[in-house]
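A lone chain, given as structure tokens: the form predicted alone.
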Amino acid sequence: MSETADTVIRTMLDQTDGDIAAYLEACVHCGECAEACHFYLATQDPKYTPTYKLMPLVKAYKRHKAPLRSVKGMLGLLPAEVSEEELREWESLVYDSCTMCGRCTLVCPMGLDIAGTIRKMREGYSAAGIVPDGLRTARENVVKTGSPMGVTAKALKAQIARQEKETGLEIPLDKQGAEYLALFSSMEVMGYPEVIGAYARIFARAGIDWTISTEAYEATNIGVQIGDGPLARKLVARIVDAARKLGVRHVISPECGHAYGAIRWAGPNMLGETFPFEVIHIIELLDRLRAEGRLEIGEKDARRITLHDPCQIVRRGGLLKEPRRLLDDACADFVEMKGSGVTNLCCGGGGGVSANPRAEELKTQAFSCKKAQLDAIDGLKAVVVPCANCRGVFEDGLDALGGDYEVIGLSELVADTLKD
């Protein structure tokens, strides 16, 4: 066995706890997960069956960790050692064709957390340096600047200055004792800076005391996406340290899927501590302000609008009703797409896929499933996409496949419909 293969296998097996072992033992190979996976649905290629993507881990587990392996070994029933060639062959399946959206788990009769198991596999690949070039570059950018896109504090300040000029409102930086600390993704800062202006408009109207930290403004956790546990913990710790330093009571996770899971759910476990602040998603906060009567809506958006449910926010994060209450207030003609809610299809670019240029063609194929959902709605004019990564995938996919739908964020829609 090569040193590279040994590193991958040892790391994967170290990550294989009782839960993962139970999943690997419980799979009945029924194939139901394939019909839930947007990569399989778009291509009809059996190699994109979710459980097939786990094969290197399954083989390593059965050879080195499964019950009765010694007896099976004597009988010649153990699988062969996983080779480096196999691992490299499977690398594109592990990184290109899984967004860790969790839809396969919904239909699995045994309740296997395939997305979580893929993440364990990525830990092994990352430890051996077998990762796509795009994600490797993102990791290097994070180490240098704290941002996977290389967005520096200087670039952030420039975008904030433009939004201050556009909105006529002050956007506070490094404000000691503010109640809320707002995080953003690099995609929002550079691709959709109007989100920052939307926050300023909403918070000014609602009387929210908030700030942005120039030391920890990035919400995206590339460590979680790539499978680099130490880096993931470092990025969470950076946010926690900044929040402590400023003395905030709440940290706002932005319209970004994996950022929410990383800071809200995985973060405390990574650091082994209870945070001294509440983590609240921007959708939760907007819904809370709505319920308190602090967001008075003026003229509703009259267009026919639907909602995309980002996997990590809705299916895996539980924010199902909140965006719909906001849209009911802000839209005169809000309609659901087929299969909406916790069963909604992934956009095709989560889990680091959109940061992986090698996967571009496959990502576009997967997005065709989402486009079909949009095309099925008569008279649709716009789609609200409350995740900056999904938003970019929608725009790229509609550009490649055609589709005259405006793609907008939820925060901007709320800000645009506030009463004058």
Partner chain sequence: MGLVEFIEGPAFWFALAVFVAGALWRFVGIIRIGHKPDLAPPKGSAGWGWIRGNLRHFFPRGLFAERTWMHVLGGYAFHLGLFAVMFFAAPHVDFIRERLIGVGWPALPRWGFIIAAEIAFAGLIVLWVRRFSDPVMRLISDWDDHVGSWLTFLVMLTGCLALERAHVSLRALHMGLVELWLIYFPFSRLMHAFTFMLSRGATGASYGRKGMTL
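Numbering follows the first chain given and starts at 1. All figures in this text were calculated on a predicted structure; none of them were measured in a lab.
Not on display, but discussed next: the form predicted in complex with the partner chain.
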| item | value |
| --- | --- |
| Close approach of E85 to the partner chain in the predicted complex, 4.5 Å, heavy atom | no |
| Exercise: A372 in contact with the partner chain in the predicted complex, heavy atom 4.5 Å | no |
| The partner chain contact at G402 in the predicted complex, heavy atom, 4.5 Å | no |
| 4.5 Å heavy atom contact, P357 and the partner chain in the predicted complex | no |
| Partner-contacting position among V143, L106, A332, A158 - heavy atom within 4.5 Å of the partner chain in the predicted complex | L106 |
| Of G298, P268, G116, P230, the one that lies within 4.5 Å of the partner chain in the predicted complex (heavy atoms) | P268 |
| Candidate stretches 130 to 138, 241 to 249, 196 to 204, 271 to 279, one within 4.5 Å of the partner chain in the predicted complex by heavy atom | 271 to 279 |
| The partner chain in the predicted complex reached by all of C27, C30 and K65, non-hydrogen atom within 4.5 Å | yes |
| Contacts with the partner chain in the predicted complex - residues in 14 to 37 whose heavy atoms fall within 4.5 Å | T16, D17, G18, D19, A21, A22, Y23, E25, A26, C27, V28, H29, C30, G31, E32, A34, E35, A36 |
